[in-house]
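The chain below stands alone, shown as structure tokens; this is the form predicted on its own.
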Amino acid sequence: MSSLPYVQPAILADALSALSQQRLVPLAGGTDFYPARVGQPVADGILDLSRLTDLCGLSTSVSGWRLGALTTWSALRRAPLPAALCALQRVAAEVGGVQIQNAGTVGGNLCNASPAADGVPALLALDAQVELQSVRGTRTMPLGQFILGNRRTARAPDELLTAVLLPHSGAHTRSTFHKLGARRYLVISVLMVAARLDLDDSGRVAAAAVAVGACSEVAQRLPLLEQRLAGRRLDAALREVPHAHDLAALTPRSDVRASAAYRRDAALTLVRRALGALCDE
């Protein structure tokens, strides 16, 4: 048998060059890559990203936050982020267990494109964009355009997802994330909900974002609900605004974790619970 290529570049330029010359699977934390291949030989050439330290960590600028694609969930959990990004830090505290959080990366969670990827709803609600680089150049796109379906993304074979970009939020922005599973840690989500509220100086909702995961092939925002939340005062009545018709665009499926009917009913409960939590802060 011919040996498969294994490339471990030390700088991004070398990684992009390798991708431009041969088909390789980028490998970050491996928390999805290895479980999907238990009992099977690795059939792909590997691009080991573990030495690309420039793709780790967080930084801020006038335009917003930049999360390096190789930033681990543990690093994100410990980062001094503003309250507006609370949803993302709640994800970091609940994705997998401590071992998964130490190895798994933000970029890997997105590129794996699982319908149950915990990071996607929170990043959708935070209006995230992804940065893709290749030897051909750099491009950015909204996260909602990057994930195309179950295990499918808009990443070209010669591209690397190098960063997640988040806009700065207002002083009165708050966000949250709620996950439903058989237990809190080390479990694939039955469904997830992330919510963000931008408040004006009078305490009314200037803009809202609500996203639901594991209830469609791709996590979905709820634009009808977001429109109806705008202009409302932040009080206990806000949690009663969502109704079943707000979730009509979701297409939950039945599997070993839950039935479609249960997911649809639980999604409404979790959306209301997320809005209630934001009211209680």
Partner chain sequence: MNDRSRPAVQPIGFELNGRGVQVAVTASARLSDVLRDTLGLTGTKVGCSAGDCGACTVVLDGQQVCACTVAAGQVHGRRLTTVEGLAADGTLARLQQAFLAHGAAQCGACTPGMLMAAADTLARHPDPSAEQVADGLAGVLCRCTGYRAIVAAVLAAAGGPVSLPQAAPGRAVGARVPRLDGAARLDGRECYAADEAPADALWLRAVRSPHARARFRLGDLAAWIASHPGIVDVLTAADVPCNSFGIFDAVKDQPVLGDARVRFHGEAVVALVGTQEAVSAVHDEELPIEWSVEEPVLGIEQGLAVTGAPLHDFAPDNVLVRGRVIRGEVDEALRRAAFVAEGEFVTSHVEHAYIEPEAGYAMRMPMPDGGDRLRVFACTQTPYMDRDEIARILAIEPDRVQVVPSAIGGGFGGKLDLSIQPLLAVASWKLKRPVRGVYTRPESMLCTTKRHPARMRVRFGCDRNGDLVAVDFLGDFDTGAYASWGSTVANRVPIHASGPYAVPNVRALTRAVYTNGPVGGAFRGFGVPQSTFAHETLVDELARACGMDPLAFRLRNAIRAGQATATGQVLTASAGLVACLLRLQPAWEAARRRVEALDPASAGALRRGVGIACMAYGIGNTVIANPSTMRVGLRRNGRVVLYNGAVDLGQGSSTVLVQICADALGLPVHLFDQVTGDTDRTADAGKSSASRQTFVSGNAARIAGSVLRERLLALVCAPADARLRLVDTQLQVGEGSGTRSLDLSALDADRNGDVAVGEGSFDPPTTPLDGDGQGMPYATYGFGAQFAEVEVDIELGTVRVLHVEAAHDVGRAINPTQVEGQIVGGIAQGIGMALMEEYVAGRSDNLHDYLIPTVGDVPPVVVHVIEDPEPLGPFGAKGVGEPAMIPTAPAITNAIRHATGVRVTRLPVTPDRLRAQLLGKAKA
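This structure is a prediction, so every number in the text was calculated from the model and none was measured. Positions refer to the first chain, counted from 1.
Below: the form predicted in complex with the partner chain, not depicted.
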item: Interface membership of residue 37, the partner chain in the predicted bound form, 4.5 Å heavy atom rule; value: yes
item: Contact test in the predicted bound form: residue 238 vs the partner chain, heavy atoms, 4.5 Å; value: no
item: Contact flag, residue 255 vs the partner chain in the predicted bound form, heavy atom cut 4.5 Å; value: yes
item: Partner contact for residue 29 in the predicted bound form: the partner chain, 4.5 angstroms, heavy atom; value: yes
item: Partner-contacting position among 141, 206, 186, 154 - heavy atom within 4.5 Å of the partner chain in the predicted bound form; value: 186
item: Listed range touching the partner chain, judged in the predicted bound form by heavy atoms within 4.5 Å, from 195-203, 121-129, 99-107, 154-162; value: 99-107
item: Residues in 36-50 with any heavy atom within 4.5 Å of the partner chain in the predicted bound form; value: 37, 38, 39, 40, 41, 42, 46, 48, 50
